[in-house]
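Just one chain follows, in the form predicted alone, and it is written as structure tokens.
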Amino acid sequence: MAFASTTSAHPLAHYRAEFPIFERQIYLNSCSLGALSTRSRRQVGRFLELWESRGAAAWYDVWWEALAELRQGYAQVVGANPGEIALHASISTATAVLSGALDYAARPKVVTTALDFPTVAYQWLAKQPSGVEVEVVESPDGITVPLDTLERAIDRRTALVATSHVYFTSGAIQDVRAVADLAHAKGALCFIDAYQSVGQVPVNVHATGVDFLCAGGLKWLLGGPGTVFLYVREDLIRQLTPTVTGWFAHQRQFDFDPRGIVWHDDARRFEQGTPALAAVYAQLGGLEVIREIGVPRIREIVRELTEDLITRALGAGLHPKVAADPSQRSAIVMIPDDNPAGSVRRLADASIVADARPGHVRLSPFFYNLSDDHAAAIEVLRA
């Protein structure tokens, strides 16, 4: 059974045909994993053909060019220069390199919030035995963290403010320009975890003034697991020396010289080991779709879908936990539930894919969803 509908179509609805999962079920879980496109499948097939026909010889031209293409693609989607982009396998590896490159001698404190994904805090909590202090700013409502509360936590001992563009716990969009300004006013740097935003919410790293930013393919960039990027502001690159590294950070890596490291002059100095090329190719396919539509257009459609979902939930007597201001809402809709795992199983029985988080069912529509998808999901949750 195909779940496509003409009764609730929007201007991007025709892209639904490029995501075969909708031939079998309703997919409302893009915040956990973006749906697989036919373009990503073709790109992975291209990688497998090269592996089969050329083996390691493909490294020296085609695969090397694919890495450069991916850096350029990520840079384009966040308004960066390709030389400001380092490739990584996960946010954990990217933040490990970043956290190891900072100097905490005069500024031992890192400020984060209770609403951020724990990976953000873990890198610096692990450094507490070496004198790094982590201050976790609480949220009064579980949805946002007021800027004045964050400001009070930042002082002259703060090395870094590390927080999210979109909170995974509520879908609320944080004003990262304001966060960067608060950090810089006290001489601190600013790191933004944008995994929940890039691809569904427009991001321009130069306009926001952030120093570092991470995002990747798993969710809204439609690339699947295994590829992320670390943006490092150009004028900071040569000021920082990694202490967690790998051979891709070496400017002359094919010299295979164990006696010293000659760092890249650009953000590649923050890379580690050999990238997973199947994931790289899957991400190239996803980025093709995202760039073709454009994130501003995606944001326009997704805002309409999100408001439709929230309205339907309220009409069914449910109480979604979202930002009060619609302009601060992303496509992450948290619906309180006493038994979220059970409700997600009931949705699955109805061929609807969603996710459970503590105390909530999480629905996350994207441009390939339709209003009818929301109607079906809310009917199950109401029942």
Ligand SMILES: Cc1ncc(COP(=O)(O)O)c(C=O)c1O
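Numbers follow the displayed sequence, beginning with 1. What you see is a predicted model, and the numbers here were worked out from it, not measured in a lab.
The following text describes the form predicted together with the named molecule, which does not appear among the structures shown.
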Considering the named molecule in the predicted complex, find the one stretch among 83-91, 236-244, 100-108, 149-157 with heavy atoms no farther than 4.5 Å from it.
83-91
The named molecule contact in the predicted complex: residue 218, any heavy atom under 4.5 Å:
yes
Is there a heavy atom of residue 272 lying 4.5 Å or less from a heavy atom of the named molecule in the predicted complex?
no
Just to confirm, residue 195 within 4.5 Å of the named molecule in the predicted complex by heavy atoms?
yes
How about residue 168 - does it come within 4.5 Å of the named molecule in the predicted complex, if we only consider non-hydrogen atoms?
yes
If we test each of 72, 208, 119, 139 for a heavy atom within 4.5 Å of the named molecule in the predicted complex, the one that passes is 119
Heavy atoms within 4.5 Å of the named molecule in the predicted complex is the criterion; list the residues of 27-59 that meet it.
none
